[in-house]
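Presented below, as structure tokens, is a lone chain in the form predicted on its own.
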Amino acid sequence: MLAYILRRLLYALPILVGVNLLTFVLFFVVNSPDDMARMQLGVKRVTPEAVEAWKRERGYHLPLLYNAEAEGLDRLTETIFFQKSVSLFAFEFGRSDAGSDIGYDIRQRMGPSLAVAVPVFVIGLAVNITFALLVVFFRATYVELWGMVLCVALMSISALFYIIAGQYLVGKVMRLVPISGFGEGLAAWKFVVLPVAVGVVSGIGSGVRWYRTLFLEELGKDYVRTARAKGLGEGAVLARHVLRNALIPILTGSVVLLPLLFMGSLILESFFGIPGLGSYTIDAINAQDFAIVRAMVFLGSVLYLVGLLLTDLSYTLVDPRVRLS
């Protein structure tokens, strides 16, 4: 087990380097350090001296990937890519191009992101699995037919519609909760209720259809016929056997959402004015703040790789036949 974990960690290093390199190339294909300087200085007619001073202060005066004027290894190390990338692997995110401490910002914004993402994940998972089991229990009936029609209809509606409709009906017409913003401590619940409800409802269509497919596949296997032959009812078969044996694909599908628990939802946080990591990333992209963008992409990649590792380890818990070596 320990050897497996160490091997996976070693595999993660080239992946993180590749993701960091790809982010760097994509960002600087459409931007240049001069463009970033003009954006941050916020002046229409900024002088070349001011642009050069801004770049030199933040380390953007160096070549991007290769320094032809240097010698030896300095040709690779005296570059923007190397100087801005090495510290990431020590989780030292440095300062943003605007001057703020990125690590401090992440710690401050992680709470609001978790306050929205965790309830959406947990409640959404419970609702989707419950409805999927209900549809499978009443398969080949009108319950399944109209349930699938409803799921397809929900999938066909854009997430923006749920956001706008929820803000208008619940926030403006009924005036039950604020439309946007965030509060401190327990007062934050009224700002979180609507985004969580929107996040759960918008994911029901695709979630129920996905879990229904998993459960129907399990129903055709031999162990289900054996359980029925022993006299178990359909509800007991679904709850005790089908659901348990479908845990591996459920875990696999859930790991994709793990980075979102920490990184936040870009759309939800932006529209509801939640000061989380999702809106933090969107603001950085709009401001062409490369320091924040690379930090958030790197952090998301690390979380995703950790999620994959935890998923593999959890397989041994839900299925004793799985052995990692």
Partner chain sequence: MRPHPLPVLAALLLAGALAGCGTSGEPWNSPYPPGLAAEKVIFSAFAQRPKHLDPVRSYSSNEYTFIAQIYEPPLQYHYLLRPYRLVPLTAEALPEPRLLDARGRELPPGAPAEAVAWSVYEIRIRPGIRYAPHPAFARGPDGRYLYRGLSERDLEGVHTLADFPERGTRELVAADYVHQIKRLADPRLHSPIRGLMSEHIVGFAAFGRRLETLRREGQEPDLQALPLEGVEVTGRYSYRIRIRGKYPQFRYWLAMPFFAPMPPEAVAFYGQPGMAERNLTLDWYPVGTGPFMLVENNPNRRMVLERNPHFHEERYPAEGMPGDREAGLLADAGRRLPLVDRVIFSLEKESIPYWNKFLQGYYDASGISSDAFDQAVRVGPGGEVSLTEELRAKGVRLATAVAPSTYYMGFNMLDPVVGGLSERARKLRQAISIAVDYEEYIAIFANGRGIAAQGPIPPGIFGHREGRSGMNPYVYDWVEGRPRRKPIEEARRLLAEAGYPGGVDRTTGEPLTLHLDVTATGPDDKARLDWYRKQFRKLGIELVVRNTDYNRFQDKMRTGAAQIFLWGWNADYPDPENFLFLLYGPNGKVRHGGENAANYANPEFDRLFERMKAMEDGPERLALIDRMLAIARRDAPWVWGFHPKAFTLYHAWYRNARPHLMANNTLKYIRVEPEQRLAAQRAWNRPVLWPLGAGAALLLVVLFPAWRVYRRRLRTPFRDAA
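For clarity, every value in this text was computed on a predicted model and none was experimentally measured. Numbering follows the first chain given and starts at 1.
Beyond the structure shown, there is the form predicted together with the partner chain, which is absent from this document and is the topic of what follows.
Checking 241-249, 204-212, 77-85, 99-107 against the partner chain in the predicted bound form, the stretch whose residues place heavy atoms within 4.5 Å of it is 99-107.
Interface membership of residue 69, defined by any non-hydrogen atom within 4.5 Å of the partner chain in the predicted bound form, is ruled out.
The closest non-hydrogen atom of residue 162 lies beyond 4.5 Å of the partner chain in the predicted bound form. When contacts are judged by a 4.5 Å heavy atom cut-off, residue 140 counts as touching the partner chain in the predicted bound form.
When the partner chain is considered in the predicted bound form, residue 119 lies well away from it, no heavy atom lying within 4.5 Å.
Between the partner chain and the residues 173, 145, 126, 157, the one pair within 4.5 Å by heavy atoms in the predicted bound form involves 173. If you take 182-213 and check each residue for a heavy atom within 4.5 Å of the partner chain in the predicted bound form, you get 182, 183, 184, 189, 190, 191, in sequence order.
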